[in-house]
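Look below for two forms of one protein chain, each set out as structure tokens: first structure 1, then structure 2.
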Structure 1
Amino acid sequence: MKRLPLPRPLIESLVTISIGLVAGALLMLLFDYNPVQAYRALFVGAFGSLEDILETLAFATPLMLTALTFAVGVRGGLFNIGAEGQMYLGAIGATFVAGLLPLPPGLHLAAATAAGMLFGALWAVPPALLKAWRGVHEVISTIMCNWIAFYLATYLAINFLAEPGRAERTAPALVTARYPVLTEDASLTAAIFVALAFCLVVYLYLWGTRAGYELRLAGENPDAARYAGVKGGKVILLSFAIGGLAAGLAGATQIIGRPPAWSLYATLGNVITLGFDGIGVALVGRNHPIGGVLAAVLFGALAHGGRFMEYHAGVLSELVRAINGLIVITLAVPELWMLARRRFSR
């Protein structure tokens, strides 16, 4: 049998995405929408012009980072779904430094970015310690921390960071703390280069250093890791810390790297669910930092194109998130591939 010149994970991811899109089309048919019209609007909207492609990349920027949070967790044997809350806190940290602290140009941008990452990492510490000390399952602890973070971030945004006279959002980032906008026609900023660089650094760290190797060993084969003398607690803390930095950076990019708001809405409307979306992105990207970047572009396209789906076919853009969930469910079923292979290899 002649084999396609594509690696298997890529083919599997593409097939899963197609299954998700078909299932989404069935949902649309079920509720009397026109899926052809909707998907045409979605894909033309996402890739139809250079501006749209850049806009898709702007949507992909935070997703590659929250995907990294989940991916590093899985690589270390953890199911860290706390990117959502860590991202809220990252947005708060960035808003505080960028909006309220006047600092010299250059330093200001770096400080705001660092504050976002630091706040995200700090919010990852409690579930990490609870896991390491008490064995609390990270699914429960991270979800509880997400909800606490939601109310904490809303409280801080309204009471300490609000723009005077405009209660619906925080004080916007000062001009010295904004990533340069790349073109006038799209909201893509230089923040995407920081996000890409962070993904690359984490990739090099995980695959090129001893600590990274230990983390991956602990995730792949806990018994072997223990035998080799890898400290479980250290791996947990490290994995959560890297994830928190990534999620915090994701939150920061939405504040200091995303026109036109340059601020956090009091409803958290411009960051909400970016953390959860990252889970699907990570899984489609095979929990690999670089795979996550590619998958993020695809999900960025769904997010950006989904808005056109709403205009032209009346289908609520949130259906994209349902498709995301269906893709995740499909990816969870290994038998699907066994079945497909058995059928085709005959």
Structure 2
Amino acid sequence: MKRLPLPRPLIESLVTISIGLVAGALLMLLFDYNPVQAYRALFVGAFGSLEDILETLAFATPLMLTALTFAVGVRGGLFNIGAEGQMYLGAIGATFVAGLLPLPPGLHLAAATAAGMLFGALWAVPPALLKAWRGVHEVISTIMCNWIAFYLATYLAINFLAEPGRAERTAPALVTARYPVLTEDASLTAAIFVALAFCLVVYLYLWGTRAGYELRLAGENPDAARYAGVKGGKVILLSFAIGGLAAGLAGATQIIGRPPAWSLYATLGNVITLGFDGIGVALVGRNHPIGGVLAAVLFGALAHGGRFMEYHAGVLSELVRAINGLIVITLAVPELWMLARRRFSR
């Protein structure tokens, strides 16, 4: 019986993650730690029980969405790194509706989710228009918008949305605007099903519709896309709009779908860096909506299980982050190489 060959991306991922684990082990040996004990603590912490698996998925939920923001941009030939700022505004939108506007159950949850997505999409409009109308590079404009969003969200959280008597956070989401918690022993809520459904919808859009095909064609072969009559401005606006919706939903899930706070910290501590982490997730997932979901689970395992490396193996938290970074870098190398080769070939 003839054996089916393994897909090349799977082989590359297995090889790169092995290299990353070996590099992390060498780093731990350099500081006199036991790599076997540390990696065992990492795995058991991430997948050792049902509660740990659910907590890993809770960490993964926003990352699969911010990864989608970057992945859709790359599919359209763009480097949209504005998920961070779009996520801040999504969190603000969800906080406003969930914490300050009492509505009936069901409707309240839907309205808070929609507000987060809408705020994220609106914040993606300025860099999209700058790119489509004036040719401003999206990396520059999205970085600027990220910083503007950070200070704007902080200002709104402290001066307009703060909980009375609690300056460190905003008003918590009302009970009617919270996603149901799946188990009391983990912070995973039903928000993960919304995130997975959104990723699936985007996948079907990109690979099952004419507009999605035009978006991918514009990213893979701009000359062929222009020859086929694909409108570049339309592709740019669609890419940014989808990315903004995804990032805004990611911000909303951290407010109305992540206990115990159910609110936005004044420092934005419960959403900060998730947008930038999504870039690494997208690269590891080969800029594919489904691949991003699987990569997000890996990142969630590193985030949740990494804490056990410190608790049970004694590895310093700074070194844990360095080891996780090594693993992520090695996993992202194949996709980075492919993107660089495609860009230079143009």
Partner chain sequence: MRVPGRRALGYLLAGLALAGFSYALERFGLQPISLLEAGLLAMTPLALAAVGECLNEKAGVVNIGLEGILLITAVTGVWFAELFGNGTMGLIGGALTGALIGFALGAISVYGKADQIIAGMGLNIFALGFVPFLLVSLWAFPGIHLFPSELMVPRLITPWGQFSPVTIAAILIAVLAHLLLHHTVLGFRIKAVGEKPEAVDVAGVRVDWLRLFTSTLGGALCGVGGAFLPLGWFGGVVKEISAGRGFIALACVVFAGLEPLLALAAAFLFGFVDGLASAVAVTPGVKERIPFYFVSMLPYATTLVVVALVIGRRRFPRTVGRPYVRE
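If you superpose the two forms and keep the largest set of C-alpha atoms that fall within 1.5 Å, you have the rigid core. Since this is a predicted model, take the numbers as computed values, not measurements. All residue numbers here refer to structure 1's sequence, counted from 1.
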| query | finding |
| --- | --- |
| Structure identified as the form predicted on its own | 2 |
| Shift of G291 between the two structures at or above 2 Å (CA, core fit) | no |
| Exceeds or equals 2 Å, Cα of M28 between the two structures, core fit | yes |
| After fitting the core, G306 CA displacement of 2 Å or more between the two structures | yes |
| Rigid core superposed, the C-alpha shift at I19 between the two structures in Å | 3.2 |
